[in-house]
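For reference, the chain that follows is the form predicted on its own, supplied as structure tokens.
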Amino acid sequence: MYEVNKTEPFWWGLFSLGGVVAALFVPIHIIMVGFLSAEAVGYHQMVALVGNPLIKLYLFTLVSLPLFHAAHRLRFALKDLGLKVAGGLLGVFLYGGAVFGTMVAAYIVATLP
């Protein structure tokens, strides 16, 4: 029988949020940036745009939530393939990587001009 730990709903919530961001916002972001002219994505325009706190929050969300989605998906894919470590050490490694990536994204977004 599969034993559920107490943090499992938290990771499933981040998995679903990351899936929504990865499936909806990332493609829309790529398409919208593709339609912008070269003048619209110039350095000064981007500095002015990224200076907005809502844009910083958007960029942070665009990067961090798909990391948790990928970590959860990889954990259960490897567990389904028969990797016995998936419950413990692999989960710590994958979720730790997602937390580290989130901290790096937060630092980068916080230090943007």
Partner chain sequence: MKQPEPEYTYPTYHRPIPATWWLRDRKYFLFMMRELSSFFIAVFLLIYLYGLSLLSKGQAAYGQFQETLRSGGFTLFFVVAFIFAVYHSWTWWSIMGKVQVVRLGDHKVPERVITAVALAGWVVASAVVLFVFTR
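Numbering follows the first chain given and starts at 1. None of these values were measured; they are calculated from a predicted model.
There is another form of the same protein, the form predicted in complex with its partner chain; it is not shown, and what comes next is about it.
Peer 1: With heavy atoms only and a cut-off of 4.5 Å, decide whether residue 25 touches its partner chain in the model of the complex.
Peer 2: Taking the distances in the model of the complex, the answer for residue 25 is yes, it comes within 4.5 Å of its partner chain.
Peer 1: Please run the contact check for residue 90 against its partner chain in the model of the complex: heavy atoms, 4.5 angstroms, yes or no?
Peer 2: Contact check for residue 90: no, nothing within 4.5 Å of its partner chain in the model of the complex.
Peer 1: Residue 53 versus its partner chain, in the model of the complex: is there a non-hydrogen atom within 4.5 Å?
Peer 2: No, residue 53 sits far enough from its partner chain in the model of the complex that none of its heavy atoms falls within 4.5 Å.
Peer 1: Would residue 57 sit within 4.5 Å of its partner chain in the model of the complex, counting heavy atoms only?
Peer 2: Close contact is absent here: in the model of the complex, residue 57 is far from its partner chain, nothing within 4.5 Å, heavy atoms only.
Peer 1: Enumerate the residues of 29-66 that have a non-hydrogen atom within 4.5 Å of its partner chain in the model of the complex, in sequence order, or give none.
Peer 2: Read in sequence order, the residues that approach its partner chain (within 4.5 Å, in the model of the complex) are 29, 30, 31, 32, 33, 34, 35, 36, 37, 38, 39, 40, 41, 42, 43, 44, 45, 46, 47, 49, 50, 55, 58, 59, 62, 63, 66.
Peer 1: Are residue 53 and residue 36 closer or farther apart at their Cα atoms in the model of the complex than shown, with the shift being 3 Å or more?
Peer 2: Distance between the C-alphas of residue 53 and residue 36: longer in the model of the complex, by 3 Å or more.
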